[in-house]
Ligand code: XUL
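Next comes just one chain, in structure tokens: the form predicted on its own.
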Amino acid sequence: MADYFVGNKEYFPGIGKVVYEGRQSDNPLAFKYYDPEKVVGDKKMKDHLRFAVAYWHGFCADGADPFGAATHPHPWSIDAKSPMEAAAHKMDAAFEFFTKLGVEFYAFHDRDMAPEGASPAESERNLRTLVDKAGERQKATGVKLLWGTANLFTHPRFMNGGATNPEFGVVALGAHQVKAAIDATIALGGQGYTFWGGREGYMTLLNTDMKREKEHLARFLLMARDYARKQGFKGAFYIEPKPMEPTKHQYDYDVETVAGFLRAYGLDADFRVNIEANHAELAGHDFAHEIECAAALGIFGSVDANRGEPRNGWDTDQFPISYYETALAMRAILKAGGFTTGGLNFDAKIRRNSIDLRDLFEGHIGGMDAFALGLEVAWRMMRDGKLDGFIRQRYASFDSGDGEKFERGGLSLEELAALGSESYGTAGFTSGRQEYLENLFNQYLLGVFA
């Protein structure tokens, strides 16, 4: 057996194990910055970053868009005699890719892995069959499941939502699907389970009872949590924020919105957020902003690593390539304590006109290198403490005296107001030095403080 696992056929011939060759390498199928065994601080790179491949974009996306048909040939589907056979071939291709790329995790929707059947029972049987096969592949390769989820947005029955659908029958069908997906996640040792509310929102308030829909969503999540815990699932539950598209307004708009929702319905003890860079952008936020918010609110969990195209204004799911953005993101992740059950899942797809099989490798390699460099830059910043020291000094007036009293709740409004009259004319004129800090950040990025 080679150092990667394949099934009955090799789907990526001519491409071997991707290895680290260093920044001087001109090999497009080698890592320039990602050295999985390199120790950064207290952990190896691979353990800091916990890279995962998204089953849906890697092996289901075909290049189709609203203006044109599919452009990506899938060699794992060409000779299949049935949807189940095609799904089995796709799984062989996926695990060949995971092991050649050298990632330790993957993530999937139920319908990515197994085709829908003629009935809910047949759909569940299909999923169980492919879960058994995935379990064999995981055992053979050592690749693990980061998280699983159910697709409650593609089928026409979900055009008005899954858990928030105005028809009870659709909500019940969604529950059947989620139950099966939770069972699959548990069977495969998944470290988390994600809910993306792709259709959980509204198109117009003229036909929507928002209060009722949000209550139904909360009830659905409570039931899913209770079922999973009863089955012995000890992992994290994630909600993936997104503001819009496909709906006009989604109930999981951004991290702050999700945090408020979780606390309002008593879900914050079990649920965290799976933050996607492209979704942050669509909500009008920076990627690192959403991570910082999640950490501050105690709900940081996992990350879907990608980027958007600002001029498009929709979810383009491109591979991350900005070292500046990945360094900011990794700084926020390290400050949050790093990943536990989560990781960096490449919810990214090759472009419509990228039609070679090697393009899928090169997209992931570039993204992994971008986050590896971002990790090293972030670690250097935290190690020497210049940025953190500046921030601490900026808030030093709250570390003692009346400022500390204020933070502890030891002052009344009257007392605070009286102190305000004493500081008139002297307070509020300290520079934030943004330009200096941005230049300093670039120095870290360029390796000046390596």
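When you see a residue number, it is the position in the sequence shown, counting from 1. These numbers come from a predicted model, not from an experiment.
As for the form predicted in complex with the named molecule, it is not shown, yet the points below apply to it.
Participant: Pick from 358-366, 235-243, 335-343, 265-273: which stretch has a heavy atom within 4.5 Å of the named molecule in the predicted bound form?
Facilitator: Among the listed stretches, the partner-contacting one is 235-243.
Participant: Does Phe153 make contact with the named molecule in the predicted bound form, using a 4.5 Å heavy atom cut-off?
Facilitator: Yes - in the predicted bound form, heavy atoms of Phe153 and the named molecule come within 4.5 Å of each other.
Participant: Would you please decide whether Trp56 lies within 4.5 angstroms of the named molecule in the predicted bound form, comparing each non-hydrogen atom pair?
Facilitator: Yes, Trp56 sits close enough to the named molecule in the predicted bound form that at least one of its heavy atoms falls within 4.5 Å.
Participant: If you check in the predicted bound form, is His109 within 4.5 Å of the named molecule, heavy atoms only?
Facilitator: Flag for His109 set to yes.
Participant: Classify Tyr193 as contacting or not contacting the named molecule in the predicted bound form by the rule of any non-hydrogen atom within 4.5 angstroms, answering yes or no.
Facilitator: Heavy-atom contact with the named molecule at 4.5 Å: absent for Tyr193.
Participant: Which of these residues, Glu213, Glu116, Asp254, Asp315, gets a heavy atom within 4.5 Å of the named molecule in the predicted bound form?
Facilitator: Only one option qualifies, and that one is Asp315.
Participant: Exactly one of Glu200, Asp347, Glu96, Glu376 has a non-hydrogen atom within 4.5 Å of the named molecule in the predicted bound form; which residue is it?
Facilitator: Selected residue: Asp347.
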